[in-house]
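A lone chain, given as structure tokens: the form predicted on its own.
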């Protein structure tokens, strides 16, 4: 008697991180609907007294700054010809491209009339710092897209356009460095027009330079963190021979930045705000300890830099301190002059967390479908 074999039914399983993403993404969709159909007042704690909040301080200022690793690494490889760092170029450029893409998306949430975001293309105002930032961000995002395009062309077998882009990589990198330098510093220039509003612990005529140098340090820290997260997520080997020299460069950048900040604070007489432990003084100490002292002290020693645990810890502190600095400038340093305290609403936090989650999900999909991590040829190997 013949019996028909029955195949066991397959169970649909949702992975842990897929479930976490779903839990984050569903509220993000709800808040997005409310934001664009009900307005900013329905989802934010922003007001006429305090018009810039989390979506500027975190999504824009931090997003742009933490993507600075892209121009730093591409310059190191293609302009200084340090080819040993080439294995981290593709993931770093992808991180930068996604970072800038989601900065633009976050800006759509923050703008009162987001459908007018294209106006900077035709309504020129060369005297406006915002105009310069808008153009530099648009152009640099385009440069990152072009730099990343050979990965897409190679995936689909379009080798001719990939070779063309590779032939143009040096002028592309030079353009990227110039554009990134301009808008990283110009984000600091935005706050030069509020000397009477921004607290002296953060206000300085050197703000453009501070923004630029701190972005280099934190951007390198983000490259190291991205390498660590990729190792955990995709089972890759942590390339300590590449990351240890990057950590040294990060220590130099953060050390220079920290010394400049302290010099300005002593010179403008605002050091008493720190010693008297005012609210602003405490927040400055938090950012400076996290973003300068801890990573510099930890990673100044080779034994610590060559330890994966301490390398990642120091880089995490650098990135966290950078985030606190940008929030201090955009929020903490402006509250006293505004005469109000700003705390982001739950929907504002949901949008920021949702954008980060979407960026991580897109990065994971890109790694799955494209050759983001080329195999390294070890010296002495076959």
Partner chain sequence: MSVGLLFDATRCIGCGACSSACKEQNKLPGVVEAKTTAYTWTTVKSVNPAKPEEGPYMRHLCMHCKVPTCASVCPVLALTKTPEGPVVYDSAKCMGCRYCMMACPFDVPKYQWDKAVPIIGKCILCAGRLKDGKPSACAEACPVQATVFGKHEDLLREARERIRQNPSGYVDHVYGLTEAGGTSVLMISSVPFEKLGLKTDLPTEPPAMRTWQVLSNIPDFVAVWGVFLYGIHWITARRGEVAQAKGPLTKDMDDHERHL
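Small disclaimer: the values here were computed from a predicted structure and weren't measured. Numbering follows the first chain given and starts at 1.
Beyond the structure shown, there is the form predicted in complex with the partner chain, which is absent from this document and is the topic of what follows.
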Segment that reaches the partner chain in the model of the complex - one of 256-264, 179-187, 270-278, 224-232, heavy atoms within 4.5 Å: 179-187
Single option in 297, 285, 249, 130 placed near the partner chain in the model of the complex, where near means a heavy atom within 4.5 Å: 130
Contact check for 301, 343 and 358 against the partner chain in the model of the complex, heavy atom at 4.5 Å: no
Non-hydrogen atom contact residue 197 with the partner chain in the model of the complex at 4.5 angstroms: yes
In the model of the complex, residue 78 touching the partner chain (heavy atom, 4.5 Å): yes
Residue 192 within 4.5 Å of the partner chain in the model of the complex, heavy atoms: yes
Partner proximity in the model of the complex: residue 36 to the partner chain, non-hydrogen atom cutoff 4.5 Å: yes
Neighbours of the partner chain in the model of the complex among 207-222 [non-hydrogen atom within 4.5 angstroms]: 208, 212
